[in-house]
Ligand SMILES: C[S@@+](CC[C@H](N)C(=O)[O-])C[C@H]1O[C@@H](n2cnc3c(N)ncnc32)[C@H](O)[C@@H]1O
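The data below hold one chain only, encoded as C-alpha coordinates and taken in the form predicted on its own.
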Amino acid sequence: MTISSMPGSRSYQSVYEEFDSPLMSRLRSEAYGEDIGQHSWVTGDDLRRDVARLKLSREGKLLDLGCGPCGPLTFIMKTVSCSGYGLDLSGAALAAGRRRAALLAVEDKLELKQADLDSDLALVPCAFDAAVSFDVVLHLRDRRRVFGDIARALVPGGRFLFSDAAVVSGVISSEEVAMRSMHGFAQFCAPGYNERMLELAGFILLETEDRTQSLLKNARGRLDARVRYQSEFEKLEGVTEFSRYQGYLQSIISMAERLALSRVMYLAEARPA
(Lines give C-alpha, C1' and ligand atoms only; values in the text may rest on other atoms or scores of the structure.)
Protein backbone atom coordinates (compact mmCIF):
# COMPACT_ATOMS: atom_id res chain seq x y z
CA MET A 1 0.00 0.00 0.00
CA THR A 2 1.22 3.52 -0.60
CA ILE A 3 1.20 5.89 2.33
CA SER A 4 2.68 9.37 2.40
CA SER A 5 2.98 10.28 6.06
CA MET A 6 1.99 13.70 7.29
CA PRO A 7 4.85 15.84 8.63
CA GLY A 8 5.64 15.06 12.24
CA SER A 9 3.69 11.80 12.40
CA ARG A 10 5.02 8.28 12.67
CA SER A 11 4.66 6.44 9.40
CA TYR A 12 3.44 2.88 8.97
CA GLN A 13 7.07 2.09 8.10
CA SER A 14 8.28 3.08 11.57
CA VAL A 15 5.44 1.13 13.19
CA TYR A 16 6.43 -1.98 11.24
CA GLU A 17 10.07 -1.62 12.29
CA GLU A 18 8.96 -2.11 15.91
CA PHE A 19 6.27 -4.66 15.09
CA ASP A 20 7.92 -7.71 16.69
CA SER A 21 8.87 -5.97 19.93
CA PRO A 22 7.48 -7.26 23.25
CA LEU A 23 5.73 -3.90 23.72
CA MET A 24 3.80 -4.16 20.45
CA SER A 25 2.91 -7.79 21.13
CA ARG A 26 1.50 -6.83 24.54
CA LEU A 27 -0.46 -4.02 22.91
CA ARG A 28 -2.04 -6.39 20.38
CA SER A 29 -2.89 -8.98 23.01
CA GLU A 30 -4.56 -6.44 25.26
CA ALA A 31 -6.24 -4.34 22.55
CA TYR A 32 -7.61 -7.19 20.44
CA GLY A 33 -7.80 -9.98 23.00
CA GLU A 34 -5.50 -12.05 20.78
CA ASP A 35 -2.22 -11.35 19.04
CA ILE A 36 -2.39 -12.69 15.49
CA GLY A 37 0.07 -10.16 14.11
CA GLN A 38 -2.60 -7.69 13.06
CA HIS A 39 -2.10 -3.95 12.71
CA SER A 40 -5.48 -2.70 11.49
CA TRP A 41 -8.86 -3.46 13.08
CA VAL A 42 -8.85 -7.19 12.33
CA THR A 43 -9.64 -9.72 15.04
CA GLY A 44 -9.07 -13.45 15.18
CA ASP A 45 -12.80 -14.07 15.67
CA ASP A 46 -13.67 -12.12 12.52
CA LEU A 47 -11.01 -13.98 10.55
CA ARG A 48 -12.26 -17.37 11.68
CA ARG A 49 -15.69 -16.52 10.26
CA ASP A 50 -14.14 -15.02 7.13
CA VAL A 51 -12.17 -18.17 6.34
CA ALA A 52 -15.43 -20.03 5.64
CA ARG A 53 -16.61 -17.17 3.42
CA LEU A 54 -13.53 -17.44 1.21
CA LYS A 55 -14.17 -21.13 0.40
CA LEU A 56 -10.46 -21.89 0.14
CA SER A 57 -9.05 -25.41 -0.08
CA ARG A 58 -5.60 -26.72 0.81
CA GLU A 59 -4.69 -26.41 -2.86
CA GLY A 60 -5.97 -22.83 -3.08
CA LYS A 61 -3.95 -19.64 -3.45
CA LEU A 62 -4.83 -16.50 -1.51
CA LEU A 63 -3.92 -12.93 -2.52
CA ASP A 64 -3.61 -10.23 0.18
CA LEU A 65 -3.38 -6.63 -1.02
CA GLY A 66 -1.74 -4.34 1.51
CA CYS A 67 -0.75 -7.35 3.58
CA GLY A 68 1.42 -5.38 6.02
CA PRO A 69 3.24 -7.73 8.43
CA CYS A 70 1.11 -10.63 7.15
CA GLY A 71 -0.75 -11.39 10.38
CA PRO A 72 -4.17 -12.05 8.80
CA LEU A 73 -2.61 -13.64 5.70
CA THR A 74 -0.52 -16.16 7.65
CA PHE A 75 -3.44 -16.78 10.03
CA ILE A 76 -5.63 -17.85 7.10
CA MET A 77 -2.81 -19.85 5.54
CA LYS A 78 -2.23 -21.73 8.77
CA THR A 79 -5.95 -22.37 9.23
CA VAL A 80 -6.59 -23.66 5.70
CA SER A 81 -3.10 -24.90 4.75
CA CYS A 82 -3.38 -22.91 1.51
CA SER A 83 -0.61 -20.88 -0.12
CA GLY A 84 -0.43 -17.10 0.06
CA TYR A 85 0.79 -14.13 -1.97
CA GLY A 86 1.12 -10.74 -0.29
CA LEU A 87 1.67 -7.25 -1.67
CA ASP A 88 2.77 -4.23 0.35
CA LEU A 89 4.88 -1.13 -0.19
CA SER A 90 6.71 -1.39 3.13
CA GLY A 91 9.88 -3.45 3.16
CA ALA A 92 9.83 -3.46 6.98
CA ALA A 93 6.30 -4.89 6.95
CA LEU A 94 7.27 -7.64 4.53
CA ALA A 95 10.33 -8.50 6.63
CA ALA A 96 8.06 -8.84 9.68
CA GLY A 97 5.72 -10.97 7.56
CA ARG A 98 8.49 -13.36 6.63
CA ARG A 99 9.44 -13.75 10.28
CA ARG A 100 5.83 -14.48 11.21
CA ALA A 101 5.50 -17.02 8.40
CA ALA A 102 8.60 -18.81 9.69
CA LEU A 103 7.19 -18.79 13.22
CA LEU A 104 3.99 -20.44 11.95
CA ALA A 105 5.90 -22.81 9.64
CA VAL A 106 4.14 -21.58 6.48
CA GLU A 107 7.12 -19.81 4.90
CA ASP A 108 7.39 -22.38 2.11
CA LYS A 109 3.86 -21.52 0.95
CA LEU A 110 4.21 -17.73 1.16
CA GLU A 111 5.38 -15.35 -1.55
CA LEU A 112 5.73 -11.64 -0.85
CA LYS A 113 6.31 -8.73 -3.21
CA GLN A 114 7.00 -5.09 -2.53
CA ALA A 115 4.46 -3.15 -4.58
CA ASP A 116 2.58 0.15 -4.70
CA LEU A 117 -1.14 -0.64 -5.00
CA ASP A 118 -1.66 2.66 -6.81
CA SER A 119 0.51 1.42 -9.69
CA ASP A 120 0.09 -1.39 -12.21
CA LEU A 121 0.02 -4.59 -10.17
CA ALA A 122 0.77 -6.85 -13.14
CA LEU A 123 -1.16 -9.76 -11.60
CA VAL A 124 -1.39 -12.96 -13.61
CA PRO A 125 -4.98 -13.59 -14.83
CA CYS A 126 -6.88 -16.35 -13.02
CA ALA A 127 -3.92 -16.97 -10.70
CA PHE A 128 -5.76 -16.83 -7.36
CA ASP A 129 -8.72 -18.58 -5.79
CA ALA A 130 -9.51 -15.79 -3.32
CA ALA A 131 -8.35 -12.32 -2.32
CA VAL A 132 -8.49 -10.22 0.83
CA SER A 133 -7.65 -6.64 1.75
CA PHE A 134 -8.19 -5.41 5.29
CA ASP A 135 -8.66 -1.69 5.95
CA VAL A 136 -6.52 -0.70 2.96
CA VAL A 137 -9.01 0.55 0.35
CA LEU A 138 -9.40 3.94 2.06
CA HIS A 139 -5.77 4.65 1.12
CA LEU A 140 -6.24 3.84 -2.59
CA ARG A 141 -6.56 6.64 -5.13
CA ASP A 142 -8.48 4.51 -7.65
CA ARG A 143 -10.23 1.58 -6.01
CA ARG A 144 -12.23 0.78 -9.15
CA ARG A 145 -8.98 0.05 -11.02
CA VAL A 146 -7.65 -2.05 -8.18
CA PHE A 147 -10.94 -3.96 -7.93
CA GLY A 148 -10.70 -4.62 -11.67
CA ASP A 149 -7.15 -5.92 -11.29
CA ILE A 150 -8.33 -8.25 -8.53
CA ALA A 151 -11.29 -9.50 -10.56
CA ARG A 152 -9.02 -10.45 -13.46
CA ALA A 153 -6.53 -12.13 -11.12
CA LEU A 154 -9.22 -14.39 -9.62
CA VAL A 155 -10.53 -17.59 -11.12
CA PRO A 156 -14.21 -17.37 -12.17
CA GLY A 157 -16.24 -17.57 -8.98
CA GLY A 158 -13.21 -16.62 -6.87
CA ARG A 159 -14.08 -14.60 -3.80
CA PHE A 160 -12.87 -11.18 -2.69
CA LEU A 161 -13.33 -10.10 0.93
CA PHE A 162 -12.28 -6.67 2.14
CA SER A 163 -13.05 -4.14 4.87
CA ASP A 164 -13.37 -0.38 4.59
CA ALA A 165 -13.06 1.60 7.82
CA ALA A 166 -14.00 4.94 6.23
CA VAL A 167 -17.63 4.62 5.13
CA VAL A 168 -19.35 7.89 5.99
CA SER A 169 -22.58 7.10 7.82
CA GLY A 170 -23.16 10.40 9.62
CA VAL A 171 -21.68 13.87 10.05
CA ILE A 172 -17.93 14.28 10.46
CA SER A 173 -15.99 17.51 10.82
CA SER A 174 -13.00 18.76 8.84
CA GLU A 175 -10.89 18.32 12.00
CA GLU A 176 -11.98 14.69 12.24
CA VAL A 177 -11.19 14.09 8.58
CA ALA A 178 -7.70 15.51 9.12
CA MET A 179 -7.17 13.39 12.24
CA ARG A 180 -8.40 10.20 10.52
CA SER A 181 -5.96 10.94 7.68
CA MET A 182 -2.92 11.30 9.95
CA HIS A 183 -1.13 8.38 8.22
CA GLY A 184 -1.47 10.04 4.81
CA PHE A 185 -3.83 10.00 1.84
CA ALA A 186 -7.33 8.72 2.61
CA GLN A 187 -10.64 8.57 0.74
CA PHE A 188 -13.93 8.58 2.62
CA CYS A 189 -16.86 7.07 0.74
CA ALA A 190 -20.64 7.12 0.96
CA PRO A 191 -22.71 3.98 1.60
CA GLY A 192 -23.23 2.17 -1.69
CA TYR A 193 -20.03 3.42 -3.33
CA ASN A 194 -17.99 0.26 -2.77
CA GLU A 195 -20.93 -1.80 -3.99
CA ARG A 196 -21.03 0.16 -7.27
CA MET A 197 -17.27 -0.09 -7.76
CA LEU A 198 -17.40 -3.85 -7.25
CA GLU A 199 -20.14 -4.23 -9.83
CA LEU A 200 -18.28 -2.09 -12.38
CA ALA A 201 -15.12 -4.16 -11.78
CA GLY A 202 -16.88 -7.43 -12.57
CA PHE A 203 -17.95 -8.70 -9.16
CA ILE A 204 -21.23 -9.97 -7.78
CA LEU A 205 -21.81 -8.71 -4.25
CA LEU A 206 -22.66 -11.58 -1.89
CA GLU A 207 -22.66 -10.05 1.57
CA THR A 208 -21.89 -6.96 3.65
CA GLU A 209 -21.47 -6.75 7.41
CA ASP A 210 -21.16 -3.70 9.63
CA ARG A 211 -18.11 -4.17 11.86
CA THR A 212 -18.09 -0.74 13.48
CA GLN A 213 -18.66 -2.13 16.97
CA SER A 214 -15.62 -4.36 16.59
CA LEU A 215 -13.55 -1.33 15.53
CA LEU A 216 -14.88 0.61 18.52
CA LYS A 217 -13.92 -2.16 20.94
CA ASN A 218 -10.44 -2.47 19.43
CA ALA A 219 -9.83 1.29 19.39
CA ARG A 220 -10.81 1.55 23.07
CA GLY A 221 -8.57 -1.40 23.88
CA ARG A 222 -5.64 0.12 22.04
CA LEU A 223 -6.15 3.51 23.68
CA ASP A 224 -6.27 1.99 27.18
CA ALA A 225 -3.28 -0.28 26.59
CA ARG A 226 -1.18 2.64 25.38
CA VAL A 227 -2.05 4.54 28.58
CA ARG A 228 -0.91 1.57 30.68
CA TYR A 229 2.43 1.54 28.86
CA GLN A 230 2.63 5.30 28.33
CA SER A 231 6.23 5.70 29.46
CA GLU A 232 7.41 2.99 27.07
CA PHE A 233 5.46 4.44 24.14
CA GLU A 234 6.66 7.96 24.87
CA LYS A 235 10.24 6.66 24.84
CA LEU A 236 9.56 4.99 21.47
CA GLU A 237 7.47 7.70 19.81
CA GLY A 238 8.23 10.87 21.71
CA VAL A 239 5.81 12.74 23.95
CA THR A 240 4.27 14.79 21.13
CA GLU A 241 3.62 11.84 18.86
CA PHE A 242 2.24 9.74 21.69
CA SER A 243 -0.30 12.47 22.44
CA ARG A 244 -1.09 12.85 18.75
CA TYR A 245 -1.80 9.15 18.32
CA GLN A 246 -3.98 9.09 21.42
CA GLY A 247 -5.98 11.92 19.85
CA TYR A 248 -6.28 9.87 16.66
CA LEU A 249 -7.75 6.93 18.59
CA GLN A 250 -10.07 9.20 20.58
CA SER A 251 -11.35 10.70 17.32
CA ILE A 252 -12.01 7.25 15.86
CA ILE A 253 -13.86 6.24 19.03
CA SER A 254 -15.99 9.40 18.92
CA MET A 255 -16.99 8.87 15.28
CA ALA A 256 -17.76 5.19 15.84
CA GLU A 257 -19.79 5.85 18.99
CA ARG A 258 -22.11 8.22 17.19
CA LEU A 259 -22.17 6.04 14.02
CA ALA A 260 -20.64 8.80 11.89
CA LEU A 261 -17.85 6.72 10.31
CA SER A 262 -18.40 3.00 9.86
CA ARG A 263 -16.25 -0.05 9.18
CA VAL A 264 -17.91 -2.42 6.72
CA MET A 265 -16.92 -5.86 5.43
CA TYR A 266 -17.72 -6.71 1.80
CA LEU A 267 -17.75 -10.17 0.24
CA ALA A 268 -17.97 -10.47 -3.55
CA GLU A 269 -17.52 -13.11 -6.23
CA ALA A 270 -15.80 -12.72 -9.59
CA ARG A 271 -18.26 -13.07 -12.46
CA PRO A 272 -17.41 -15.58 -15.16
CA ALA A 273 -15.95 -13.93 -18.27
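So that there is no doubt, residue numbering starts at 1 and follows the sequence shown. This is a predicted model, so every value here is computed, not measured.
Keep in mind that the form predicted in complex with the ligand is missing from the display, and what follows is about it.
Although the partner is absent from the chain shown here, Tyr16, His39 and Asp88 each have a heavy atom within 4.5 Å of the ligand in the predicted complex. Among the residues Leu140, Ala201, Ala166, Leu112, the one placing a heavy atom within 4.5 Å of the ligand in the predicted complex is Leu140. Between the ligand and the residues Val136, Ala101, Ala151, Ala131, the one pair within 4.5 Å by heavy atoms in the predicted complex involves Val136. Using a 4.5 angstroms limit between non-hydrogen atoms, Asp118 touches the ligand in the predicted complex.
Contact check for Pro72: a non-hydrogen atom falls within 4.5 Å of the ligand in the predicted complex. In the predicted complex, the ligand sits within 4.5 Å of a heavy atom belonging to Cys67. The partner is not drawn, yet in the predicted complex one stretch among 40-48, 225-233, 210-218, 55-63 has residues with heavy atoms inside 4.5 Å of the ligand: 40-48.
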